[in-house]
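Alright, two takes on the same chain below, each alone as structure tokens: structure 1 and structure 2.
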Structure 1
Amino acid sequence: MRVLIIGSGGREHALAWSIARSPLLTKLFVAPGNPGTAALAENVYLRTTDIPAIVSFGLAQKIDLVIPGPEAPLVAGIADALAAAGIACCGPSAAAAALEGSKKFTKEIADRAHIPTAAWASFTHAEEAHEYIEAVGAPIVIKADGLAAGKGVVVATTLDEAHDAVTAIMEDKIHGAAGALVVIEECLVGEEISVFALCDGEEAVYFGAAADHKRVGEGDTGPNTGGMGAIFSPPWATPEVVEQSMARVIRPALREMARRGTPFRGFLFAGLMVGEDGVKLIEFNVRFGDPECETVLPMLASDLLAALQAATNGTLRDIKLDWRPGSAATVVMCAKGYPGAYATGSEIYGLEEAGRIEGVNIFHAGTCAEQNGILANGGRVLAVNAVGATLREALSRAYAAIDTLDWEDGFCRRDIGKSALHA
């Protein structure tokens, strides 16, 4: 098969790394890719949202399967455009990608499909949102409806914070059109997990559970990021929790999407709260998580490409996935200043030596290659993954790799997985 992966982060490097081993593969392209994917595939310079250019490339290169990593091209309709050109795509249509593109849509699907989720209301007038907050009280969660680069959610512990969030989103329009509507919901308590399922429109196969670390600072402090590290699997993702997530969240959502005539294909990512009364849906994403993908894929023993092909063809019921024993952890190395302003261009030394440590896989995210060196070229720069017999071993290998790297301008959280070790 001739395969094209869309994206340039650690997630796409991990997808390329896993697919490169498939006996089904004949040629792999990544657009635009990064220096990590360049070692496994041919990088092609196409912007991830330049859908006409991606379709033309797919036709010219006789691509059999396109695998979009990030949500933006999916929400923009890449799967629809590829389908119209006769090219298979392992990702949802724009209509099905609304599960990530609109929080209100997700809540409507949840209610219709009886998926447990936080009580909610939505508003297009700030005045009514303020009144609702006064009536319901704090803590309360305020969300911009549309895509806001992961920054559209405020978990308000006081009424003042909640009112300020409504003002910022609806009146000051800090997220632009994404905040024209807000969803306001009950604050859930418990432990968060991300559960992944590969879907073919009808069937869903469990594809791992991970815990992300969203805040930039140790002890879960400071602003939110795209994710500072992840573990597979957290101890609170028990077999019962996984079973409940599939039975009460993933499969009902899939049935409801199919009933509406917009079946969901690709990776469905459920952000869940595990509380005293079971699993509740926080949000859906219509793609694999990053850095969860870098954490889950090294644990997969089965052929990823065969599974993605089955999801695309509607033959997932024939697929059974095998997983390696043990645990995995990923620690993200970021440029100092991230998620605020950061500098680019500093050189990273020691990558080869760090990558030779047993169980370690170093995935590139925001890097670029220059002469013989690798330079930092983004906020999240490297996803340092390790597998091990236990979570403790995986973490100690990942941190040993990080300690082998020599990169003055980088930092990471030193407490990835710590709460799971003590759970």
Structure 2
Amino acid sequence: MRVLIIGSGGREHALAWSIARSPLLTKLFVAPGNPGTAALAENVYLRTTDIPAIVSFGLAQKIDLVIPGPEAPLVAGIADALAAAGIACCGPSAAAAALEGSKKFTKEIADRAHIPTAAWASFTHAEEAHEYIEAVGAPIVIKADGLAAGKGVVVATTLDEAHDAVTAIMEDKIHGAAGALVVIEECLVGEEISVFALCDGEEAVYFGAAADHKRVGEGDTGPNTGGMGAIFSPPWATPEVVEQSMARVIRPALREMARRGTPFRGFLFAGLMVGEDGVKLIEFNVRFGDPECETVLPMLASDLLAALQAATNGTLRDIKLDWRPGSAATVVMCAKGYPGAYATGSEIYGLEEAGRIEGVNIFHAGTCAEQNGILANGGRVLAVNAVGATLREALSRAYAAIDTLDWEDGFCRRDIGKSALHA
């Protein structure tokens, strides 16, 4: 199979790392890729949202399967354009991708499919949103309706924080058009997990559970980021919780999307809160999570490409996934200043030595290559993954790799997985 992965981050590096092992693969491209994917595939300079150029490349190169990593091209309709050109794509149509493209749409699907979720309301006028906050009180969750690179959600513990969030999103327009509408939700209490399912429109296959660490500071403090680290599998993702997630959230959503004539294909990512009364939906995403992808895939023993092919041709019922024993952890290294302003261009030393530590995989998330050196070229720069017999061993290996690196302008959280170790 000739395969094209769309994206340039740690998720796409992990996808390439896994797919490169498949006996089904004959040629792998990544667009635009990064220095990590360059060691596994041919990088092609195409912008992830330049859908006509991607379709043209797919036709010229006789691509058998396109795998979009990020959400933006999916929401923009890349799967529809590829389908029209006769190219298979492991990802949802634009209509189905609205599950991530609109928080309000997700809540409407949840209500229609009887999926347990937080009480909510939506607003297009800031004044009405402020009045609602005063009426219901805090803590409360404020969400920009559209795509905001993982930074459009504010968990407000006070009324002032809630009002400030509405002002920033709706009046100051810090997320642009994504904040023209806000969803305001009840603040759920419990342990958060990310549950993944691979879907073919009718069938859904469980694809692992992870716990992401969204806030930039240790102890879950500071602003939300795109993800500072993840663990597989958190102790609160028990077999009962996984079964609830599939039975009460994933499969009802799949049925409702099919009922609407917009069947969902690809990775469906449910952000869930595990509380005393079971699981409740926080949000849907329509692609593999990042850094969860870098955490889950090293534990997959099955052929990823075969599973993705089955999701595109409607034969997931014939797929059984096998998983390696043990645990995995990923710690994300970021440029100082992230998620605010940060500098790029500093060189990172010690990558080869760190990558030789047993069980360690270093996925490039925001790097570039220059004069045989690797430079930081983003906010989240490296996803340092490790696997081990236990979570403690996986974390120890990941932090040992980080301590081997020499990058003066980088930082990471030192408490990834800490709560799980004591759960």
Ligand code: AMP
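For residue numbers, the reference is structure 1: its sequence is counted from 1. Note that the structure is predicted; figures quoted are calculated from it, not measured. In this text, the rigid core denotes the largest set of C-alpha atoms whose superposition between the two forms falls within 1.5 Å.
Q: With each form of the chain shown alone, which structure should be assigned as the form predicted together with adenosine monophosphate?
A: That would be structure 1.
Q: Please check if T157 moves between the two structures, taking a CA shift of 2 Å or more relative to the superposed core as movement.
A: Yes, the C-alpha position differs by at least 2 Å between the two structures.
Q: Would the C-alpha of E128 be classed as shifted by 2 Å or more between the two structures after rigid-core alignment?
A: Yes, E128 moves 2 Å or more.
Q: Does A247 shift between the two structures by 2 angstroms or more at the C-alpha, the core having been superposed?
A: A247: C-alpha displaced by less than 2 Å between the two structures.
Q: Using the rigid core as the frame, report the C-alpha movement of G176 between the two structures, one decimal, in Å.
A: Its C-alpha moves by 2.7 Å once the cores are overlaid.
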